[in-house]
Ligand SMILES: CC(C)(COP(=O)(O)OP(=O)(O)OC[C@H]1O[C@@H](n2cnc3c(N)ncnc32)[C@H](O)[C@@H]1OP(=O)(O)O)[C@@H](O)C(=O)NCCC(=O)NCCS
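Below, in structure tokens: the form predicted on its own, a single chain.
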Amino acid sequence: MPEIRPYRPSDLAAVYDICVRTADAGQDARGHYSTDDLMGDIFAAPYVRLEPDLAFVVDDGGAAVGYVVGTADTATFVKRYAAEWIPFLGDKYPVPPPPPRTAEQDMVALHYHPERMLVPGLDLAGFPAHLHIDLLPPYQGRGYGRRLIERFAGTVDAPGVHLGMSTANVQARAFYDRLGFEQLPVPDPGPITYLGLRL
């Protein structure tokens, strides 16, 4: 029976794998970019390195098949991402040129601009924490996502948590609605919907 447990450094390769296999609006993004590490380097690995106490995995008998990662304080995390994570990756990704850019260069630009997480108009006083959650498809719809978020919510010290999701990912939106997340008003959100949960 899969269990929820704290992240361990030995889970890192599995976290990268889960991230890329769910990165295309919930679908597999392997092969979309020149390296399958790209999505994990932006959306998963910084959290397990900088905020390991807020990282939890679904363990199916020794292998992680899902995770939740996040931070209690988005503003502080943005500073740490710039000061610690970007130097840690070094020159793994060339700094992208100004637009117009390729899809991969646009993604790499997110890495070099962690201040993107400070979304204009988003209520960071009420929802200072944020999270990312991913589960491999065979483990979706079985209650593990709910348990991951409950574990994160019960651990993080914040009045509320927010997340950004692709508006196209209607399956994920239904999941968050069931957990009590509400849409947060953000001017010009583009293809992203921002949701918040009071803790």
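Heads up: residue numbers just count along the shown sequence, starting at 1. Bear in mind that the values here come from a model prediction, so they are computed numbers and not experimental data.
The form predicted together with this ligand exists for this protein as well; it is not shown, and the discussion that follows is about that form.
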- Message: Between 54, 172, 50, 158, only one gets a heavy atom within 4.5 angstroms of this ligand in the predicted bound form; which residue is that?
- Response: 172
- Message: Please identify the residue among 31, 154, 143, 62 with any heavy atom within 4.5 Å of this ligand in the predicted bound form.
- Response: 143
- Item | Contact of residue 165 with this ligand in the predicted bound form (heavy atom, 4.5 Å) | yes
- Task: Using a 4.5 Å heavy atom cut-off, state whether residue 26 contacts this ligand in the predicted bound form.
- Result: yes
- Query: residue 176 near this ligand in the predicted bound form, any heavy atom under 4.5 Å?
  - Reply: yes
- Task: With heavy atoms only and a cut-off of 4.5 Å, decide whether residue 42 touches this ligand in the predicted bound form.
- Result: no
- Query: What residues of 126 to 142, in sequence order, lie within 4.5 Å of this ligand in the predicted bound form by heavy atom?
  - Reply: 133, 134, 135, 139, 140, 141, 142
